[in-house]
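So here's one chain in two forms, each on its own in structure tokens, numbered structure 1 and structure 2.
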Structure 1
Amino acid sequence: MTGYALQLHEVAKDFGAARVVEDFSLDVADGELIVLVGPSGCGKSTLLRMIAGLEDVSEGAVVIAGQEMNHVPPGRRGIAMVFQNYALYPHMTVAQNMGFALRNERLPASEIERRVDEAADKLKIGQLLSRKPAQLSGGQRQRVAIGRAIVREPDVFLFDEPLSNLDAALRVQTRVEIAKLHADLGNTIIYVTHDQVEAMTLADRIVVMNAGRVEQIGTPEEIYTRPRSRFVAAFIGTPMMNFIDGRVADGRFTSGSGLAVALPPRLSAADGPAVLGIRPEHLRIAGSAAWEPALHGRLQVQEYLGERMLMHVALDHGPEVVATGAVALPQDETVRMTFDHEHLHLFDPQGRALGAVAGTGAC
């Protein structure tokens, strides 16, 4: 099918009796940046390796640029992969590392030099071309590894947790560089990470994976504002969404922590046991807010983050929740909290989302 750089049709992977990827389907448009995100062991790196041809496909089909690739060797798939470890040859210079695959393809020396120089210019590492890997910082080595992929001019780039070995500040810097590079080159990228911040800031679309299966596919905004499951709601967002067990009857949610709230129309049709979800930014310490106080508890911990305070509050007869506040309060203070009813989420006992966030369409 034209217009798709990559298609995965009901792909599955077995290791012996264990199925680690189950019935995975995805169409990736030309130039799209897809991020596969999920906890360790969810199957995202295995899926990437199947696309690359480093793992066999147990079921289904991997299609790149309209051609099925299940039995095509990695070197002929039109892909280039950037790994978590840099995998640079220590005895070669940066230029030699970047041009290694091109020399194996027996490209003319002038073409290799042109591609290496262009990639180095894009990555701002032109001054490093004569150095050896031992003379480079971690961030510089990662840029060299990315440059080695760029010079191959692949149909699809595969990134397998490329920032995991970098410190926090360098992760942010390199993440921005990858975003700029994608905007400049317009290449198709499949990017694997367990870091939700990388997923939210880089992706055109996010694929949230759990135990080898797709939990949800959508834009970063869709994933954050309209999670289709409790798993997605908990995994995406820092701090994670607050959850309160209770039940719904006659359009009202009640819990053992004393919460009793009339649900907005989009959620009022639910009935029976349910879990209420509230993100910390939508749960506020009551002060001059217009909303009526709805929850009470005792302040346990405060975290000052500059632009906001995170308040960890143990509810009366309920779980601990995280709310936002404007000013520091005395430890063990009894506090009241309010929330915006339009930003409530509701999940059934199996973790499936009920209703939709107002103004954002169906879950």
Structure 2
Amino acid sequence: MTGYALQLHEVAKDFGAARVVEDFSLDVADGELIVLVGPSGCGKSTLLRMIAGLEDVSEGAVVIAGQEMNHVPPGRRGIAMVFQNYALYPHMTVAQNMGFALRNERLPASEIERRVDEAADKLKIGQLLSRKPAQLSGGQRQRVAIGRAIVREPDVFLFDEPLSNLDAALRVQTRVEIAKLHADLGNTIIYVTHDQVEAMTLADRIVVMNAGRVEQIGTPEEIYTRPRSRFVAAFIGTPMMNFIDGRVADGRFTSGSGLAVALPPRLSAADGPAVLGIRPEHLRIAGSAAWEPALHGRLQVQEYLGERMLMHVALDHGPEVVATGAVALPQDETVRMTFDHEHLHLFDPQGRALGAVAGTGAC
């Protein structure tokens, strides 16, 4: 044993001439929950399917529990997968669905029954065992699909956007249940989603992907507070981080239209064209008495969210930004926004983060 449940070594995938996954490497520790997140078409599902063995690997190696699996059929890889549309066998009962893999392994009937009952107990679907999938609700089908994966006791669980067919309330509930299940069973899980909330809440580590490449691998906190690229900064966080184009010279960021911000020491070494990033929650509407630095603009729209308000402000010298406010203000009011230096992000024109970005965890 290597101590790793799953290792991917420079894995790549070509579909014809198009390279959809490029040079992907990742070591997943036993019991870790890794979330692959990215916009649709970024290669995250293809990567999952390569781990499962449903797609061939064009280059590199997939290693599960210390064994290279490139040419091992899916059924012998020690993995189980939960599909987006559940993929339950419509002609089988819930119990038959859950026991199908075990029957293929030719386990004795008593053992199959014991494991199915155990999993059904854990997922509270014992009363559904004799039903067919068509007689189940979406949430119940989801549980059966998870149950079908659990009974196999695999080395690695693969989840392919398992919550995207559920309604909002059920999605939150099921998400929490998956987290509990993970805490309970301690399985290694690779979880694919395009939903950043799922990624942030479930993951031990997040892998942000874009156009077949890894943008960043790190804990949710690292990804959120120290994004290594403009793409990651924009993709994680709602509402999106504000970006202001400009240039850096002599420790000051200036935008073409006259905006000027003094940069903290860790960012002041930069020079030349750059993009300044500030998250909406770090940009606060302030009274006139507040201290520097500040941005000024005119209030366009305000959105009441209960615990806070989102203020859409057109900067005097630049684009529209989103800031956080505590009280409602009159439309078109000129507002002043303050921010902390430590929450400023700076990116070069290619989208790479500038300045002292702390270690983001080895890939």
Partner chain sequence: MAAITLNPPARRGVAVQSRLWTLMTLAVLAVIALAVLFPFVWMILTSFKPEAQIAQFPPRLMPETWTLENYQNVWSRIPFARLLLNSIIMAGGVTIISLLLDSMAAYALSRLRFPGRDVIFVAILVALMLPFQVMFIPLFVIVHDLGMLDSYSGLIVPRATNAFGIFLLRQFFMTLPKELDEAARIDGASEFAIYRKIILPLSGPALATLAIFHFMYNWNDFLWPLLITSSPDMRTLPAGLALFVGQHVVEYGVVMAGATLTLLPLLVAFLFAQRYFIQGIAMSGIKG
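FYI, numbering is relative to structure 1, first residue = 1. We call the rigid core the largest set of C-alpha positions that still match within 1.5 Å between the two forms. Computed from a prediction, not measured in an experiment: that's the story for all the values here.
- Each structure shows the same chain on its own, and structure 1 is the form predicted alone.
- Core-superposed comparison between structure 1 and structure 2: the CA of residue 131 exceeds or equals a 2 Å shift.
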